[in-house]
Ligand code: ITT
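The chain below stands alone and is given as structure tokens, in the form predicted on its own.
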């Protein structure tokens, strides 16, 4: 069974491929021409399903599952921003550094050097016959300056609860253990195994 990733985000592809190292992982861009997917859902789960459904409709194969992740960071002190707009917080086409800098500026406007925050990941699994969604969370805080050269997205300003280093400073194996995405993927793994065994 092929696992097709409904994402072109290289950071997400790398993390998911590491977690599902024993499986055949195929980014959708390897099978399909570039496609524009409008993520206009009201929450992470809705957006994950929108992406997975769009790719599943285009796949000409029965032996597959489409895996899609929609995730982001929420800062309650900033009116729960950026939330589902994490990937485009600084505007359409924004890069990771643009979004990160905007969040830092929003903290500065509030006179904050740090604030509680949490990551959310919704992972959707879609086949021709079924749909599933699982969630994972990681709690901690954001700070007003970037630290570390690892990770991606908001990792350089996010410190997980119980740690004093940002995700970008922590060893990747530690990040993987704590990750909201890893937690959600851990919940969908048994689903994929069940689908695999039902096809055997």
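Worth saying up front: this structure is predicted, and the values here are computed from it rather than measured. Positions refer to the first chain, counted from 1.
The following text describes the form predicted in complex with inosine 5'-triphosphate, which does not appear among the structures shown.
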* Quick one: is residue 160 in contact with inosine 5'-triphosphate in the predicted complex, heavy atoms, 4.5 Å cut-off? -> no
* Distance check, residue 112 to inosine 5'-triphosphate in the predicted complex, heavy atom within 4.5 Å -> no
* Close approach of residue 39 to inosine 5'-triphosphate in the predicted complex, 4.5 Å, heavy atom -> yes
* So in the predicted complex, does residue 183 come within 4.5 Å of inosine 5'-triphosphate, heavy atom to heavy atom? -> no
* Which of 128-136, 141-149, 52-60, 65-73 sits within 4.5 Å of inosine 5'-triphosphate in the predicted complex, heavy atom basis -> 65-73
* Considering only 8-26, what residues come within 4.5 Å of inosine 5'-triphosphate in the predicted complex, judged by heavy atoms? -> 8, 9, 12, 15
